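To begin, one chain is listed below as C-alpha cells, in the form predicted on its own.
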Amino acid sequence: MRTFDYHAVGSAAEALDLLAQYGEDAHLMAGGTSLMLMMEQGLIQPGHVVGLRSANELRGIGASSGGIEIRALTTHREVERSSHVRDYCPTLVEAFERIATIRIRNQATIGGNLVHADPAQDPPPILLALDAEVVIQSKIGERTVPLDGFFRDYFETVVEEGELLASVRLPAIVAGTKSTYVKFLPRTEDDYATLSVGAALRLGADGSCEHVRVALGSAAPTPIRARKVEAALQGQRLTGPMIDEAAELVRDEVDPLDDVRGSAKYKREMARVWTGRALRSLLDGGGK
C-alpha cells in the first residue's frame, strides 16, 4: 500500500476544502470497508485520505417531502435498525439486514456503498426500485441526481472531482405499492449475489398495473433498471403467464460477466428466473 496522509475532518465543508486543495490525489473515506481493500490491492493509491467519520452533519435519517432522507454516513446497521425506515418501507430494512455480516454492516455506510459502485452489492437494486435520488455536494452548492442516472460503469459514478455524496432521498410511497428484494446466493449468506432483483408494484382497482419498477444487481457493469420489462407490464391487467413473458425481456437488458459466481450465460438465465419470481410474489400478495 502506498504511504498516504490521513486527514480527519469535522464537517463536509472541511472535506470539500481538502478535495479542492489536493484534487485527484485525495480520496474520501466513510466506513472504509471497500476503500481499504482496494488500496491494499493497489487499485486506488491516493496520497491523501480524507476521513469523514466525525462529519456528523452527514449522518442520520429523517423525513423528506413525505418520504425519507438517509444521510451518507449512516451505516447499514443503522438503516436496518431504524423504526423510521421500517415505517417507510419494511422491504428496505430487510434488504439491509441481508448485507454481508453484522461487523460489516456496523462499519459500512450507505454513501460509501453507492460511490464504490460495485454492481454486485445489495442496496442499489432496492433503492432503484423505490425511485431513490442522491444529493451531491460541492463548494458551489448541491445537485440532485436520480439514482437511475448515478452509475456510469464498474466502480464509476457521476460524482466528480471536488464533490461528495451527501445523502440519499426516497420519495413518498403511494398507498397500495408493494416491494420486494430477492437474491440468489451461490455460496454463503454473506457472499455477493449471483443475481439480485429489487421490484415495486402497484395495481389499480381493476387489477391493471399502475406502477412497476424492476432493478437488478450483478447483471451488468452497473445496477440497472429493466425498462423493457416495466414497459411490457405498465397498464396491463397482470397474470402469472404475462409476468413470465415480460421477464423474458430482461435477457436483452442485462450484460453480465463470467466470474466465480456463475457464467454470463447462467446469470442471464437467472435474471429471467428471479425477475419473474419477484414480480409473481408481488402479484400474489407478497412483498411489503
Partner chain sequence: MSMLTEDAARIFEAPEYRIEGPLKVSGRARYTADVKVPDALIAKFLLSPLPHAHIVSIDTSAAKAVPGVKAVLTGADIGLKLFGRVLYDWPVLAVDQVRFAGERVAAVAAETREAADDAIKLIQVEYEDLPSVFDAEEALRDGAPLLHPDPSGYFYGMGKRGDRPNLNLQGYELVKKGEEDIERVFASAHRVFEDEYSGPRQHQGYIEPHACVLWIDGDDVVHVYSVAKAPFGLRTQLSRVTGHPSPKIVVDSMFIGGDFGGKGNVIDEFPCYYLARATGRPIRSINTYAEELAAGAPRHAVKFYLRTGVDRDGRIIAHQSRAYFNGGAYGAAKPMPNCLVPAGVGPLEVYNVPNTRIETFVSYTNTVPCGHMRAPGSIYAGHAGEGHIDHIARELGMDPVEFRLLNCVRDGDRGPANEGFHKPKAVEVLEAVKRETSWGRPLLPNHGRGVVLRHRHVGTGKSEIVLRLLKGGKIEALYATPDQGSGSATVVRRVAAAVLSVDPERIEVRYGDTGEARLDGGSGASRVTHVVGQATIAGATSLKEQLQDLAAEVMGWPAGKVRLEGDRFVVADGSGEGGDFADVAGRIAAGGEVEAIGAYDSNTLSHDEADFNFYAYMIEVEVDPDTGRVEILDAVQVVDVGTIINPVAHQGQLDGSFVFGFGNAMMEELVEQDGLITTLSLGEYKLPTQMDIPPLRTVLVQDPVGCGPFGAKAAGEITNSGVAAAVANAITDAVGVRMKTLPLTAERVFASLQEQKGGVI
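Residue numbers count along the first chain shown, from 1. Since the structure is predicted, the reported quantities are computational estimates derived from the model, not experimental observations.
This protein has a second form, the form predicted in complex with its partner chain, left out of what is shown; the following refers to that one.
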Quick one: 188, 191 and 262 and its partner chain in the predicted bound form, is every residue within 4.5 Å by at least one heavy atom? yes
What stretch, of 123-131, 180-188, 142-150, 198-206, brings heavy atoms to within 4.5 Å of its partner chain in the predicted bound form? 180-188
Is residue 15 close to its partner chain in the predicted bound form, meaning a heavy atom pair under 4.5 Å apart or at it? no
Can any non-hydrogen atom of residue 40 be found within 4.5 angstroms of its partner chain in the predicted bound form? yes
Is residue 9 near its partner chain? Define near as a heavy atom within 4.5 Å, in the predicted bound form. no
Any non-hydrogen atom of residue 277 within 4.5 angstroms of its partner chain in the predicted bound form: yes
Only one of 56, 236, 45, 65 has a non-hydrogen atom within 4.5 angstroms of its partner chain in the predicted bound form; which is it? 45
Sequence-ordered residues of 1-27 touching its partner chain in the predicted bound form, heavy atom within 4.5 Å: 1, 2
